[in-house]
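Next up is one chain by itself, shown in structure tokens, the form predicted on its own.
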């Protein structure tokens, strides 16, 4: 009884944090002075610019998702299943564009190519480099679930080329579908890169209606097609829920021997890393051009960076705690409607940050909740609602691997659910909790769009400060600020990599 009471309170808290603001925003758009009306939704059919931006967003998302998934699946197989040299290092390098603020990459590439980079293909290229790691990592994860005996039997009668096409790829079809849908939804809701490269997309319309006209009813109506597209998340969630996650040790995987292709493929992956990762970072270093720019940037960034680090650490802690509790509820199926919790968490992650930020403003900007809205607490609530899906899914992958007989033995010994949770599940999950904390820290630190809408006066973060400087600041100063931001983002990732390396060495 105590278990259900505790976790029922967790679900109620998460409902207030995430789902309730969105529902209040939706119902508020349907009423004007207490009367039901659909006048706000006329904008969906009468505004030609809005319809054009909707088409732009759909085409952009489709192009980015197709390119990222096609290339990412191949790279995921190459990096996760072959004897390619330095595969782990290449994987780590290719993850870098995903964890740093995407508008920094847009700034770097635009500085390199000039005005012609602005527009559709510039946005596609930047988002392709940002979301490519998603397809790579998802593919590598699903490769760990393939029974090696199936490929071993197929290899007795055929080559790796046919085995990959007829056995491996069909077995990782959920990874292909998941990666495509996730990238499509994220690209469809993209704001910062499209805004910087001056390409009109649909997610900017809600932001414009709210920030320029403060018309939340029109902003909500303009966001309705985004919500419709994101509804695919629920289908994706139901599809993936039928896939059981059983990981095999990497040492038992059937490895592809590249033989004569080993050197050419090594050079190919090296070229991709040089192009997508090293080049934009080098451009920032080159643009900085002097130590004076770094010193000036360090002085100006000191306060925003300090606030960013503090908010990110607090956000990561909240995300780790509630991510574990949410994963426990979903894994144990403590409530009949656990799928709604699972789907709602994923829905909030897939929604554009601008839309969620507007919902939080409308919900919390009231006299009796001013102690939250007028303080950095509103940012922590935003981070928790937006990125809870990441820590929940990371923790869930570990919970499904903990043998049930350990819990059964504890129960037979008279241990309560609390003691089982504290002395068995938590100690076995400590490493994945650390991973979740680092992921929560990185995404809280890099968040920009929602923070621009929510931060109280005097609480601007480094990403917000950089984004505002991009409008009229010096290019050398902006480049130095971007490098500071990248360093702050990558240090936790480096720490995690060193920790895992040391742990494997001691094992």
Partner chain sequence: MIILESIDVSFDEQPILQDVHLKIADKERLVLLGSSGSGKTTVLKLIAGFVTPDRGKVFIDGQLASEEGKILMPPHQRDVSMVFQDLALWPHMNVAKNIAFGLKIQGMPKKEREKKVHDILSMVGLEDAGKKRIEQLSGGEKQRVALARSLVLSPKVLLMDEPLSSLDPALNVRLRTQIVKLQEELGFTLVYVTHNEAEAKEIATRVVSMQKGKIVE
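Residue numbers count along the first chain shown, from 1. Keep in mind that what you see is a predicted model, and the values were worked out from it rather than measured.
Not pictured, yet referred to below: the form predicted together with the partner chain.
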Query raised in the report: Does at least one non-hydrogen atom of residue 290 fall within 4.5 angstroms of the partner chain in the predicted complex?
Result: no
Query - Contact of residue 409 with the partner chain in the predicted complex (heavy atom, 4.5 Å) - result: yes
Query raised in the report: So in the predicted complex, does any heavy atom of residue 339 sit within 4.5 Å of the partner chain?
Result: no
**Report entry** Proximity of residue 424 to the partner chain in the predicted complex, heavy atoms at 4.5 Å
**Finding:** yes
Report task. Counting only non-hydrogen atoms, choose the one of 150 to 158, 398 to 406, 123 to 131, 81 to 89 that falls within 4.5 Å of the partner chain in the predicted complex. Result -> 398 to 406
**Report entry** Option touching the partner chain, based on a heavy atom within 4.5 Å in the predicted complex, out of 265, 253, 428, 71
**Finding:** 428
Report summary line: Students should find that, of 415, 390, 285, 112, the residue having a non-hydrogen atom no more than 4.5 angstroms from the partner chain in the predicted complex is 415
